[in-house]
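Next up: a single chain in structure tokens, the form predicted on its own.
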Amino acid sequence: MPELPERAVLLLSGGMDSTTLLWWMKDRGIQDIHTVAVDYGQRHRIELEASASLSARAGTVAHRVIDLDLTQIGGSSLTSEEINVPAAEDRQQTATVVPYRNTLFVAAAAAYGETQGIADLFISPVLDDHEAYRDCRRVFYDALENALSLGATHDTTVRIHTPFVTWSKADVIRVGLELGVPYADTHTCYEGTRPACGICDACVERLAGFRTNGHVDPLDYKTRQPN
């Protein structure tokens, strides 16, 4: 793992993984943290409220919401009301892929970081994401690091830190429980509802991660999958 910096920009969605990463960063002594959320017209817009609240609760230096309207592109159940969010049992998680989302998000975070003199970016892809989301693989971030470094205004080495990229959702939750992450205040459901739907891929994976750790997810659900 690369040496940890003193200052960093974190892409904080308000979900389980990125919130755990924020608490992980604080636990490891990174105090100068700027959080960035992206309003991309997502169905689950409630995550933006969670992101702002969690950033403030963690005592970050600043929180920025960047507008990037991806509904103009569509093609995903997360950005188009014409496409239904699939249930996990449908095995159609690729319907939730937003084309090149992480490329756009990291580039936006890098641009903000450049204005703050920060070249270290943190994002929270995990091992479970690799199959459906190809932009959650470390090889992708290696290439993106190089591209962003080449495109920076000045000679800069951009570093994209992905400390959870080989971890499962259960691993993330285990560490988060140890760190006291306020999971009740996070949002995961693709439908963007409270109570959460309990049947989309995001909900099912989250619930399974808590069960693996012998804990009950503190969120309310319309449906909880059986053990």
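All residue numbers refer to positions in the sequence shown, first residue = 1. None of these values were measured; they are calculated from a predicted model.
In what follows, reference is made to the form predicted in complex with another copy of the chain, a form of this protein that is not presented.
- A residue is said to contact a partner when one of its heavy atoms sits within 4.5 Å of a partner heavy atom; P99 meets this definition for another copy of the chain in the predicted bound form.
- The shortest heavy atom separation between V181 and another copy of the chain in the predicted bound form exceeds 4.5 Å.
- Interface membership of V158, defined by any non-hydrogen atom within 4.5 Å of another copy of the chain in the predicted bound form, is confirmed.
- D27 falls outside the set of residues with a heavy atom inside 4.5 Å of another copy of the chain in the predicted bound form.
- For the marked spot (L177, D185 and D220), a heavy atom within 4.5 Å of another copy of the chain in the predicted bound form is absent from each of the three residues.
- Of the residues in 104-123, those that come within 4.5 Å of another copy of the chain in the predicted bound form through at least one heavy atom are, in sequence order, L104, A107, A108, A110, A111, Y112, E114, T115.
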